[in-house]
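In the block that follows, a single chain appears as structure tokens, in the form predicted alone.
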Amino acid sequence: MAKLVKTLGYELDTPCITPHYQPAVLVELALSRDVSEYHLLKGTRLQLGDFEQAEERISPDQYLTLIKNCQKLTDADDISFLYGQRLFPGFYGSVSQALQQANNLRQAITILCEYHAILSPLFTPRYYENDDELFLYWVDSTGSIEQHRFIIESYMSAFVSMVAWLAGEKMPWQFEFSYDEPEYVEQYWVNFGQAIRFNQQMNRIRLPRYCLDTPWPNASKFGMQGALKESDKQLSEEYSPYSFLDQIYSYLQSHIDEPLNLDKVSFSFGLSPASMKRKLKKHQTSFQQQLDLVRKHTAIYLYEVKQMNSQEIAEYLCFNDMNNFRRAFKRWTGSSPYHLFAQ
């Protein structure tokens, strides 16, 4: 019998984000561009005093509305990148202290992923490695389709600029984005360099593994232990360390080699299929879209890390017929396994 998921993570309308963390940084940046306070906060159900008093949490939906307003009012191609450069390590309590004292890039990535509910509440960073590279990718955790590109630009800028500061050197990053090349591509060159590809399967950063364990100059072994202990306490005070979509993704990922359907997954979450559908619809997605996303990511992982061929990947994903697998793969990726893995 499937193990029941005990508690559900934060949702689009859950008050779970500390307003004087990342949202306040965006408000100050927008106001520095002479944006109207009234129009910036329109539809957010927030006032400037809410960011100063920090007495109540705000929902991802309110944060996303704030981002949407900022995009519209500033109408500047560089605003997401500038916002990102101000985000990490930030002033988010002990978890920011832990980031500042990271021993190396591997530890910084681990902290980013483990404490993402505090550091990256709208998109969840995840990673895997093969013999040559590390792949750090971000997955939408709250259904932020309209602000997707802004958030990816911000989070990647945040991470890259933080690493450049803490490591004291630039890394040989390679960047991949799931969307079309924007008209303002020069902003990508300025902030990320020339190793950029658009229309890829994931929003991710690739990096040679030899960069991961090089000691950083400001590392503090003893300070780090204390900061991580305090960070655990900080995380335990959050509404949840995961979003609802995070939990769906992780559940599907851990059971992807089994036959999966809406009824089975809903039962594991203690929900009726109708309730599961409603929750997913609230986050602008569906069960089939989430299953396709995890299958796509798993297929790429099995090819890049386990070096499986198409037949082996199809069998792992419970496809008994290769024609069905090829059609499904084309639906997930827009390409055939042969063409995608030959790139």
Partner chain sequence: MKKRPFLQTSYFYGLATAIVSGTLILRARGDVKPISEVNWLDVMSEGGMVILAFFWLALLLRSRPAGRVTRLLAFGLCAIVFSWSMDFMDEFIRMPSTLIWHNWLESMPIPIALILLSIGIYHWHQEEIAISAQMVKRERYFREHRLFDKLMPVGGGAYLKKQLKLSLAESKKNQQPLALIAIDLDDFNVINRLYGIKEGDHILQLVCQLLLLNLRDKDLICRLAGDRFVILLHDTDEAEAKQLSQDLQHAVASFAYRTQESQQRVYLTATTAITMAKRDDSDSLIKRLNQLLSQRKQTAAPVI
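A quick note: this is a predicted structure, and the numbers were derived from the prediction, not measured. Positions refer to the first chain, counted from 1.
The form predicted in complex with the partner chain exists for this protein as well; it is not shown, and the discussion that follows is about that form.
K.L.:
Among 113 to 121, 265 to 273, 155 to 163, 236 to 244, which stretch has residues whose heavy atoms lie within 4.5 Å of the partner chain in the model of the complex?
P.N.:
Comparing against the partner chain in the model of the complex, the contact stretch is 155 to 163.
K.L.:
Please check if residue 33 has a heavy atom lying within 4.5 Å of any heavy atom of the partner chain in the model of the complex.
P.N.:
Contact with the partner chain, yes.
K.L.:
Any chance residue 231 has a heavy atom within 4.5 Å of the partner chain in the model of the complex?
P.N.:
Residue 231: no contact with the partner chain in the model of the complex.
K.L.:
How about residue 78: is it within 4.5 Å of the partner chain in the model of the complex, going by heavy atoms?
P.N.:
Yes, residue 78 is a contact residue.
K.L.:
Although the partner isn't part of this model, could you tell me whether residue 213 comes within 4.5 Å of the partner chain in the model of the complex, counting any heavy atom of the residue?
P.N.:
Heavy-atom contact with the partner chain at 4.5 Å: absent for residue 213.
K.L.:
If the criterion is a non-hydrogen atom within 4.5 angstroms, does every one of 131, 135 and 251 touch the partner chain in the model of the complex?
P.N.:
Contact check failed for every one of 131, 135 and 251.
K.L.:
Looking at 146, 258, 186, 180, which is the one with a non-hydrogen atom within 4.5 Å of the partner chain in the model of the complex?
P.N.:
So the residue touching the partner chain in the model of the complex, by this definition, is 186.
K.L.:
Please identify the residue among 85, 97, 107, 174 with any heavy atom within 4.5 Å of the partner chain in the model of the complex.
P.N.:
Comparing distances to the partner chain in the model of the complex, the residue within 4.5 Å is 85.
K.L.:
Does anything in 48 to 74 come within 4.5 Å of the partner chain in the model of the complex by heavy atoms, and if so which residues, in order?
P.N.:
Counting only heavy atoms within 4.5 Å of the partner chain in the model of the complex, the contacting residues of 48 to 74 are 73, 74.
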